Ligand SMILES: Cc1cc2nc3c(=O)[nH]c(=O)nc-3n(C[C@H](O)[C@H](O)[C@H](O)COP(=O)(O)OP(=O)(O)OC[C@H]3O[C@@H](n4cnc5c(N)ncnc54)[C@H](O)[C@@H]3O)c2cc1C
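There is one chain below, alone, in structure tokens, taken in the form predicted on its own.
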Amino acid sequence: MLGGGFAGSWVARLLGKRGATIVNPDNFSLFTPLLPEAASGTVEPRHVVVPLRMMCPHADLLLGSVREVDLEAKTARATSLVGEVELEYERLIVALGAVSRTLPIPGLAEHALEFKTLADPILLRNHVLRRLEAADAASTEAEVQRQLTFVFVGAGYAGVEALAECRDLALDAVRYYPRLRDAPQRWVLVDAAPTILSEIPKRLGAYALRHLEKQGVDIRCETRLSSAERGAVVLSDSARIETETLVWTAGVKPNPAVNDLGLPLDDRGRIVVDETLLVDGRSDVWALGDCAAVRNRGTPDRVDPPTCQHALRQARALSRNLRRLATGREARPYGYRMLGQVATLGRHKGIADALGLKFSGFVGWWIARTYHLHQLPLFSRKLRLVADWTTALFFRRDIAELTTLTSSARPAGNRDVAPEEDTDRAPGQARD
């Protein structure tokens, strides 16, 4: 099993005592729908990850990355904590996930914060709190405004939810900054699409748009980021926005590691599979999740989008097929039609499309949280999440920074920590 993200970990879990060997850089699986709440401090960052050894007790785990696969010899060479290891396999499952999709925009790699890995919400939270500190120390109104302007590029689930949660965090925190209580905060959401949350039903998208605009969010659809520099960004409509915060949430792309596996790829770099998740031209290699172009009988006109909901359904279908093949039966085609979609819009506000019924406001927020709780593996993790949510009902968000947990994902143009706290991960690089 190459990759222990959402798709890979669920395949290994569902295979049960049949076992699997998971090769993954980390010993946990990240539950990405909860990253926005981790950024705002509503949820502890360690509660949005699930230890793979607990989630998949019958699987072997090798911390590392596969560098080379010999499809004919059925071997894989991996770099582990103790050096290179050669693994033999009978069946190979590729679930390497995706990384942030960046574009050749001047200044993007140097000045943008990403929102994909566990370190990213911690980094974003620290950054927002540092902007409040900088604004409190500023000597001019122009500098205060620049520090309190936050630009998010990408109005899908990640961008909208991250902006809403970070905005709530900043508004909660200003009660401790007497100088900033009357200072206006500017939150800007930019997307090239005609509307925000284009993946969901129009009525819910319209509600989200109205809610955010009512909260004072400056929403700019059909607009792109043209360039970024230290202290400012320029948009495609020629608007120049003075800011120290640029958050990039404009989509994902397949993990570049799939390019080295010798498997067929489509024009977007995704592994090509058939309706049983078997890689085209192979009889012993399967692929699923964000790194694969999965054909779905439920939506024959398009491949599955890179969402946790679809990754889980693919994992269930593949685990069933592997069990069928082990007993000499034929694999069944994968088919799944979404039962609904949910998104949170900050404290006590959300949207939900469930079983054809559409909800917004508090009910939508409650359904979104209930769905996320249901999908989170392990009872112990669910209990920790409920404890976090319950605590948040009675107390405002904490404003302590977690700078010692900051990863090297911090771009050069937005560093607020000492250089020795950074490692050698290049700007724009992410892990699955």
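What you see is a predicted model, and the numbers here were worked out from it, not measured in a lab. Residues carry their position along the shown sequence, with the first being 1.
Note that the form predicted together with the ligand isn't included here; everything after this is about it.
Only one of 351, 163, 96, 124 comes within 4.5 Å of the ligand in the predicted bound form through a heavy atom, and that residue is 96.
Residue contact with the ligand in the predicted bound form: residue 131 places no heavy atom within 4.5 Å of it. Put simply, residue 287 is far from the ligand in the predicted bound form: not one heavy atom of it is within 4.5 Å. In the predicted bound form, residue 15 stays away from the ligand, with no heavy atom inside 4.5 Å.
The closest heavy atom approach of residue 243 to the ligand in the predicted bound form falls outside 4.5 Å. The partner is not drawn, yet in the predicted bound form one stretch among 43 to 51, 359 to 367, 389 to 397, 24 to 32 has residues with heavy atoms inside 4.5 Å of the ligand: 24 to 32. Along 300 to 334, a non-hydrogen atom within 4.5 Å of the ligand in the predicted bound form is carried by 306, 307, 308, 309, 311, in order along the sequence.
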